[in-house]
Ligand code: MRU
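Below sits a lone chain in structure tokens, taken as the form predicted on its own.
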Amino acid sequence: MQTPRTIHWIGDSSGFVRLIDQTLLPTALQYRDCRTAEEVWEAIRSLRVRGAPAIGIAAAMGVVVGLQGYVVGGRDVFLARLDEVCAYLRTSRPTAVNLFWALDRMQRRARELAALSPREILDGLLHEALTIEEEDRRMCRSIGEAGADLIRDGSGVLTHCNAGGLATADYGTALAVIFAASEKGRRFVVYADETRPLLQGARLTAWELKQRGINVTLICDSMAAQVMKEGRVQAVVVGADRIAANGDTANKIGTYGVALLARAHDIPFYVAAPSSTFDLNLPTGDAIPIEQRDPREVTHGFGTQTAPDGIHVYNPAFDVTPHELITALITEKGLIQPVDAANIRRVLPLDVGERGL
């Protein structure tokens, strides 16, 4: 069974964005329609849509809905509104670089079409957003092919957070490797960290793997070391939200700890990500902005109070794994191994990750 489509556009350039409301999974599969830039912003911020590639796609589509009411005015007003919408959507979440990459790309495309009428520019922007979606779908399939042979028959694979179809246009990044290995006939067990505090591993990854008939075992985050010590894990595969020029990788909080555990138990640690997740303007991961989330995600998870009133909370959504702990980066262009700035530049095109208009 295929995972339901995470995000897609309904109609022509006067249409809207339809996405799975991931805050309701795994107990309810419901879709949410976004007809304004504000609704897209809220969906990204509240994690109704999440995962770096999916956030980029949602933002690109959000540009289109944000411009629909401005096609009857002049070209200058339309383009000014474009910049306003893009600036607004950039404030939704700070860490996933695909968000900024997609918005930069939409602005570049609008300027290429600037001689046309606002309606024609809007049509072109919808085409660009759909192109971003289709490119991500193809990249995810290629990532799966590039990494499938890293998973051996009879092995155990640990993953952290959710980097599957729910985080992308279709197939996932880390889970693409797992899906592709399964399609090649490999039989293995996936250990899914629950991924506190929002339980993306328990709610989303475990759900996706069951949807596709993959043998999955859910574990608490604090169990990973013991599971590794028992020899149950032969590989770790995770996704990424931003990768610096030297390979330092931002991913869901807890990933750095998993990488340290993998190194301690001599287990290969792989990061799967498309080229759009690389930010080559950042020399190292020290400059990656880390989103700080609402303390109530920790003290009142899913509506139940689990901490004393007034307690101080530190709740970063991401951490950064140093490139020295990463065995290989799995991209749509192949493996990057060893992980360092020179090899990243060798494998990826020179313009990948270069931001700006």
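Residue numbers run from 1 along the displayed sequence. What you are looking at is a predicted structure, and each value in this text was computed from that prediction instead of being measured.
The same protein also has a form predicted together with the ligand, omitted here; what follows describes it.
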(request) Determine which one of 236-244, 213-221, 81-89, 99-107 lies within 4.5 Å of the ligand in the model of the complex, judging by heavy atom distances; exactly one does. (result) 236-244
(message) At 4.5 Å by heavy atoms, is each residue in Leu47, Cys161 and Ala167 next to the ligand in the model of the complex?
(response) yes
(request) Indicate whether the ligand has at least one heavy atom within 4.5 Å of a heavy atom of Phe318 in the model of the complex. (result) yes
(message) Since only the chain is shown here, I'm wondering whether Gly62 would be in contact with the ligand in the model of the complex (any heavy atom pair within 4.5 Å).
(response) no
(message) At 4.5 Å between heavy atoms, is Ala52 in contact with the ligand in the model of the complex?
(response) yes
(message) Within 4.5 Å, heavy atoms only: does Thr173 come near the ligand in the model of the complex?
(response) yes
